[in-house]
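One chain follows as structure tokens, the form predicted alone.
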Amino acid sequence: MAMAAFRREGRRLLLSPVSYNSSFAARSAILSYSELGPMGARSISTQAVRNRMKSVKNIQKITKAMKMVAASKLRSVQVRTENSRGFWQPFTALLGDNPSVDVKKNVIVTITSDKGLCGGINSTSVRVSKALYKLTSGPEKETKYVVLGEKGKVQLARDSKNSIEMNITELQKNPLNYTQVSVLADDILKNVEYDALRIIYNKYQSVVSFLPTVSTILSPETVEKESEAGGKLGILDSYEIEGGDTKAEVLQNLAEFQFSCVLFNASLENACSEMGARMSAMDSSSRNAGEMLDRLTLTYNRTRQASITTELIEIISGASALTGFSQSARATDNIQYRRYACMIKLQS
């Protein structure tokens, strides 16, 4: 029986070479698809989506951390900013704030931040500074920039590099105090000649609202001229000056003290606005990262499901092909067996 079966299988393979080749081709096709499936293009696309999801998650963690840091700093800076507003208000009541005064030498003090990722507060300050530069420039006038902050220097240096008289960076590296700002104010007054100092900064109103503000400090000579002309500064004549100081010396001291107080408040206001803007920007970035992560998750699930469905279809198709081949081979065997039986009967 075993020898008969062996001979039968040998005859089947010899008499039906086409069937043997078809079986080999079908198996080769199935093996090729199974080998290409895990390492094919579909697997690479899902891996790319996974990498993108991982990077978006990391970015979301960073933006959430930066939001919490900005929120913690905002509270402390906000309290100091509100307390510093009482420094410059008496000077405004005494000397006034006349931004429309026409003088020959103007110095624009632009206060910006050293770091980015804080919305458009730096661009707003630079845009106001450029507009004020055009208004105060003329054939017999001179206008210079004093820039506080790295971001303002980078933007103004593109088209007004020669007009930048001084540049001060890392002002907010340590917590601001009046002593530090007063030293900085003295350094500015010693290195620039001015008739009017115009300080541009962002005044803090709320976490999502900042008002670009211009404060004007006049030189003692300009203050005296305005006082003699009987303008808004004429009220100074109603005060009595005690001691041995002259009016010019008193005006000089008042101008220096006013500049340091206004600069201190403006630096705190801008720092508070920077923290609020960074907090809002990081909150928006975290929400955008979450929305992008949802879309990537949906894309990944669809791609993965499509890959699984395609592989199942290929497996089922291959199994169906093999089943059909085995049935055809069995039918061929029956035909060959009948022929062999007929040959034996004829021989006998």
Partner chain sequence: MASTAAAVPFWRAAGMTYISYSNICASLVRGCLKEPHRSEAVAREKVHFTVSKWADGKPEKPSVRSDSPEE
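Positions refer to the first chain, counted from 1. Everything numeric in this text was worked out from a predicted model, so none of it was measured.
Separately, the form predicted together with the partner chain exists; it is not shown, and the next lines address it.
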Handout entry: Heavy atom of Glu165 within 4.5 Å of the partner chain in the predicted bound form
Key = yes
Exercise for the section: Look up in the predicted bound form whether Lys153 has a non-hydrogen atom within 4.5 angstroms of the partner chain, and give yes or no. Expected result: yes
Handout entry: Partner contact for Asn177 in the predicted bound form: the partner chain, 4.5 angstroms, heavy atom
Key = yes
Practice task
Answer for Lys161 alone: is it within 4.5 Å of the partner chain in the predicted bound form, judged on heavy atom distances?
Solution key: yes
Handout entry: Sole residue of Ala266, Val128, Ile121, Leu189 within 4.5 Å of the partner chain in the predicted bound form, by heavy atom
Key = Leu189
Completion exercise
Residue within 4.5 Å of the partner chain in the predicted bound form by heavy atom, from Val207, Leu184, Ala196, Val77, is Leu184
Practice task
Just one of 198-206, 271-279, 134-142, 248-256 has residues with a heavy atom within 4.5 Å of the partner chain in the predicted bound form, so point it out.
Solution key: 248-256
Practice task
Answer yes or no: in the predicted bound form, does the partner chain come within 4.5 Å of a heavy atom in every one of Lys105, Thr110 and Thr213?
Solution key: no
